[in-house]
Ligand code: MLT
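Consider the single chain below, provided in structure tokens and representing the form predicted on its own.
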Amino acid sequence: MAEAPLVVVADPIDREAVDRLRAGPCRVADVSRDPGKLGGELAHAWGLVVRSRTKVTAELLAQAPALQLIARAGVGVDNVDMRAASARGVRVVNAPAAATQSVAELTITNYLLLVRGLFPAIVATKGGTWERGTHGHELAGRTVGFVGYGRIAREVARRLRPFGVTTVAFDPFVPSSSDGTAIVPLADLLARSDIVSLHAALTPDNQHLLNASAFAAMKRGAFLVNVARGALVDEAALLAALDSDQLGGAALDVFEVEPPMNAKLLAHPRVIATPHLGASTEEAQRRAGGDTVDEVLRALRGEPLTALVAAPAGGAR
């Protein structure tokens, strides 16, 4: 009798999800707490479960000749060499809905912190300074522009409606919207928005989409929020726009290099910096682990997949 397929869990995911996977029609090698053992398990791996720590490169794929499935316990797959996986016929799945609520809540938190000027006030008060008087603005009546209008941006827009906010979006893959958000060209969005909010996937075509010319086209004093991918923003240009007061502030959960190396940007008094934790709530991580294991189990049983990111080379999605 042939051995059951081996699924290797390379990065930490929800423990209940791992237990459910162990109860499935497979063997499980959980090396998430000892990544040095990953190489020894890859030679026989049928499936590989990762978060963001493990980089699934062409070199790693070469160590896994039997690999048929890569499961990313999260949304973005920029830590997976999709071209190499497709060339090998390895299917890639993700957990696209797991972090929607958590990232949407962080996004709106950042809007409020920026518009009310709360972060500098918090720092000053904790430092012993008691600064009263007129401070910041209301979110009501502002225009938020979404660059990328997928699941998370749409959830943010839905949650903004009670605030009395106007929403516009730029997304070349979304020709129209039925939820009241106007789909507009990028130049129009930059000119109109009080807050430019990034929610796009990173591609070779949109690296540094927010550059010096984009910042110059924004309203003077507008804010930038990036909860998507750091490389969408030219950090040197962002720092210059903040120093010149062209931008009123920025909230960054992601950076070009992580952990971030740009000390001047991190130290800027109008920058709110967090360590890529948009999807790091306990609830989101439980959903990510559960959704990912559900998809792996479907693949093991030969059932249709619901979160296929890329089809095998020459295959249909």
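Note that residue numbering begins at 1 and tracks the sequence as displayed. These numbers were taken from a predicted model, which means no experiment stands behind them.
The protein also exists as the form predicted together with the named molecule; that form is not presented, and the subsequent description refers to it.
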Checklist entry - Pick from 58-66, 38-46, 276-284, 263-271: which stretch has non-hydrogen atoms within 4.5 Å of the named molecule in the model of the complex? => result 276-284
Checklist entry - Quick one: of 169, 85, 104, 75, which gets a non-hydrogen atom within 4.5 angstroms of the named molecule in the model of the complex? => result 75
Checklist entry - With the named molecule left out of view, which of 229, 192, 154, 142 would have a heavy atom within 4.5 Å of it in the model of the complex? => result 229
